[in-house]
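The chain below stands alone and is given in structure tokens; this is the form predicted on its own.
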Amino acid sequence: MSEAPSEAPSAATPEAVTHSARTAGPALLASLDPLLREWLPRQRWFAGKGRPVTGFTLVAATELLPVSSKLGLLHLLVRAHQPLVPVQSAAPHPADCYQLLIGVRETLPPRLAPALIGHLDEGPLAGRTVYEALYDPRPADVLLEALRARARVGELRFERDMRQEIRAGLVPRLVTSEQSNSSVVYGDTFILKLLRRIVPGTNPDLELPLMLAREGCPRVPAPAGWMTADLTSSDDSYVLGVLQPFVQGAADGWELALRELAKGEDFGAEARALGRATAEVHTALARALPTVTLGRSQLELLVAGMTERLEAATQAVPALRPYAPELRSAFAALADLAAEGSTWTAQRIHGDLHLGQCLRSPGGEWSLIDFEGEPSKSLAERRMPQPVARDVAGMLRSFDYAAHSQRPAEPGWASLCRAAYCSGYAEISGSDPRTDPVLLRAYETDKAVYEVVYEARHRPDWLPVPLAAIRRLAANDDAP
């Protein structure tokens, strides 16, 4: 049943919005603190799982709908403080900054029960109930209207590409399968990805799609709008969200691969097409942004990083230790080539490429999405030029994961997909990744080592999947 239309404004405009929350910020955060300590670690996108939250610091508070009305909406940027952890664990900083969208009501209707954060007994919102606002169509609509209006609200900036029409009244729905961020689909026309753990600076999730749109690359949906925060307390600027066209009826690459595997169908044609799409994106990025040459000193640093991650991983996961000498040889072989004078070209890449970052349209066209890079790495690292072999290795590992998710595993299926993907890549780029086996083996080994640590910590039942790859890579068998 729909609620009374008088409950809240349906659109966010500079005239309809206040930001008095900034003045009440400290008292507001103090009242929210006990609720957030319990609620935040349960969210899928919270990066500091396994460590207690010891406190919060308010970075910014903006009132998008008046909290004095029946329905209020607060935009908060807060730092969550947690105990320090060993450096080699690649865990997030102990004071990560999170973007929160807090809805405020007297009571929650039953449909919003899963969104509950808690009830406040003191502070500026005493007597009110707070909840995750993205579950609620009205607050979600506020964000789209702000983008349509190019609104300025406190430190928040809403921008858009005026060449793309954003219609009013698109019905929002929260995507519930997100991991490290949150997404809202508007009327099967647009999808708004809201970054949850944010860092200051130029975020590749906006930077690269904008650049690819200017290059006319059709393999990446062009941003229609974006949210940023320019904090008056510092020179920092944060990218908060990106609005892109929604590919209606598109199939997620991971889910599509699993369906074909379950039916016993060949995935080679799709893998080849996906290789072509990857090469198109790499080629466009190389045109749009500078490339660099990696010589001996740069490769020594690269190899040192891979070796260091392997040493840390063997300490964390004892099952890796029997394979460590052979895995080190994969990195040493790359260092040897560099010492002999070999060089490689590096450029901007996707940075976290796998089947789940790819969409196939009903017409059979592949798109690449989510250019944020590995969230565990710093923004500077994610924006560094790197050999395209890193993206290729990520996709090869993804085919392997799909094949080993079946019982029994289908390694032959993975081998065919890996070969087809590399062949498709070569058709566009003119260079088959398999012709540089030392570089590709080093990157695939580095990725498999990362996967072993991740699965050991978060999904122990999946640990046999990367360990199977570790055994193959250690034996240097079935090289791609």
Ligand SMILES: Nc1ncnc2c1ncn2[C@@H]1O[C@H](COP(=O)(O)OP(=O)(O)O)[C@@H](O)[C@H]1O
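None of the values given here were measured: they were computed from a predicted structure. Throughout, we count residues from 1 along the sequence that is shown.
Beyond the structure shown, there is the form predicted together with the ligand, which is absent from this document and is the topic of what follows.
The stretch from 138-146, 161-169, 244-252, 296-304 that comes within 4.5 Å of the ligand in the predicted complex, counting heavy atoms only, is 244-252. Residue contact check for Glu372: one or more of its heavy atoms lie within 4.5 Å of the ligand in the predicted complex. Mapping the unseen interface onto this chain, Pro221 counts among the residues with a heavy atom inside 4.5 Å of the ligand in the predicted complex.
Within 4.5 Å of any heavy atom of the ligand in the predicted complex lies no heavy atom of Cys217. The ligand in the predicted complex comes within 4.5 Å of no heavy atom belonging to Val317. Taking a 4.5 Å heavy atom cutoff to the ligand in the predicted complex, the contact residue among Gln386, Gln99, Gln82, Gln357 is Gln357. Put simply, of Lys193, Arg128, Arg157, Arg272 only one has a heavy atom within 4.5 Å of the ligand in the predicted complex, and it is Lys193.
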